[in-house]
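In the form predicted on its own, a lone chain appears below as C-alpha cells.
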Amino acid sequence: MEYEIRSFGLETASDEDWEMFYEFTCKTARELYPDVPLEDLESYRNDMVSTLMFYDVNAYIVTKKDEPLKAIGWLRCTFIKEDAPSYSGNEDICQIHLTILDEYRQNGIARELLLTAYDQALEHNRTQFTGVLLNEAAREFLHQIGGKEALSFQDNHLNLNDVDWGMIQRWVNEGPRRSPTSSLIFYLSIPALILEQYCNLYTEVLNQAPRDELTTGDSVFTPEKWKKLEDQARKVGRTWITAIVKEQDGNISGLTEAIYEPSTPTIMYQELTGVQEKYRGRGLGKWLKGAMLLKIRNEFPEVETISTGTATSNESMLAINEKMGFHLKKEVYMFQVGLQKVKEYLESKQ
C-alpha cells in the first residue's frame, strides 16, 4: 500500500483538510467510546488551534495515495513554549499523539511517524516522549520501542438516573454544619479580586494529584493564563462552572469545576476537585461535588451523564466518586519513553 505523510498546519490547513481530519477523529473516537457524543467540527477545530497559545505544535496527516481525501493516520508533536507558565520542568518533553486506523496498521506507518516525531524532538532539544495510550495496539507498540505505562487513570461515568439524590443532599447539608463560618460560592468567571489566589490554589491542588512514575514538571496557572482559557471557552460557547469554599478569613479552601459543551448537551465534564491540605477532614470535597451535581441537575436538564478522569492511585477521590455512583468507563495510560530508546528501536529497524 502506498501512502503519503504531509504536514497539517492547525492554523493554515484548508477547510477540506479539517473536514477530513475530523472524520478520522470521529472514527477513532467511536472505536473507543461508541456511545459518547462528540463535539462538532467548529468547536473541535477552535480547541485544537487554541493550544497554540501555550504550545508549538507540528502535526502530520497520513493518506493513501489513491485516496487523498481519506485520512488513515495522524501524528501531533507538542512542545511547550518558553514563555508558558508551565515551561520549567517540562522543557525536555515532547508530547506525541500517534494514531492509525486499525485496518491500516502493520504497514510501517507507525514506524515512519515515530521517526518524524523523533526528528522533531531532536530539533526542539527534547529528551522524552509522553502521551496517552488509547488502545491495546498502542501499548504493544510502546513496549516494542522500550517505553512504559507511567500513569494509569480512569475515565469514570455517572448516569444521573442512578444517583442517590438523598445522599447528595445530605452531603450538601452537612457541609455548612461542619464548617459554619465557610461559604460555598458559584462562578461562571473567576472574579479579578480573587483570581490570583484562585490560580495559586488551583496550581497547588492540581499538582498534588498522583503522577506515579510519570516524571513531568508541574502545571502552573497564572491569572493571565486563566483569562486566556476563559476567553477560549466563551469563544466556543462553553459554560465553565466553578464552585469554591471560602473561609471566614477570605482564604479559598477548596474548589471544583464542571464544563458544559453546547455541541454535546447530554454529557457534562467534571474537572478538577481539590481541597487545600490544612482544610481537609471536614467533608469539603463532598460538599463541593454534591453542590455541583445538584446545580447540574437543576440547570442543565438535558445532561444525562457526568464524565470525570481520576488517577487510579488516587484512592480518596475514587472513593467519593464510587459513593456518588460513578462507574469505570475506560482505563487509559500515560506513557513515557526516552529518545535514546526510540533511537535504538529505529536503528534496529533499518
Ligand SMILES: CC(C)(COP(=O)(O)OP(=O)(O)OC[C@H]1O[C@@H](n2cnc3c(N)ncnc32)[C@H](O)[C@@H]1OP(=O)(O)O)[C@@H](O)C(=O)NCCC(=O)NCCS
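Source: prediction; values computed, not measured. Numbering starts at 1 and runs along the sequence shown.
The following text describes the form predicted in complex with the named molecule, which does not appear among the structures shown.
Chemist: The named molecule is absent from this chain, but in the model of the complex, do 209, 282 and 285 each have a non-hydrogen atom within 4.5 Å of it?
Modeler: Yes: each residue has a heavy atom within 4.5 Å of the partner.
Chemist: Under a 4.5 Å heavy atom criterion, is residue 66 part of the interface with the named molecule in the model of the complex?
Modeler: Heavy-atom contact with the named molecule at 4.5 Å: absent for residue 66.
Chemist: Using 4.5 Å between non-hydrogen atoms, is residue 291 touching the named molecule in the model of the complex?
Modeler: No, residue 291 sits far enough from the named molecule in the model of the complex that none of its heavy atoms falls within 4.5 Å.
Chemist: Does any part of residue 312 reach within 4.5 Å of the named molecule in the model of the complex? Heavy atoms only, please.
Modeler: Output for residue 312 is no: heavy atoms all beyond 4.5 Å of the named molecule.
Chemist: Does any heavy atom of residue 128 come within 4.5 Å of a heavy atom of the named molecule in the model of the complex?
Modeler: So residue 128 does not count as contacting the named molecule.
Chemist: Among the candidate residues 147, 73, 274, 85, which is the single one with a non-hydrogen atom no more than 4.5 Å from the named molecule in the model of the complex?
Modeler: Of the listed residues, the single hit is 274.
Chemist: Ok, 320, 296, 61, 57: which has a heavy atom sitting within 4.5 Å of the named molecule in the model of the complex?
Modeler: Only one listed residue qualifies here, and that residue is 320.
Chemist: Out of 102 to 110, 73 to 81, 266 to 274, 223 to 231, where are the residues with a heavy atom within 4.5 Å of the named molecule in the model of the complex?
Modeler: Correct option: 266 to 274.
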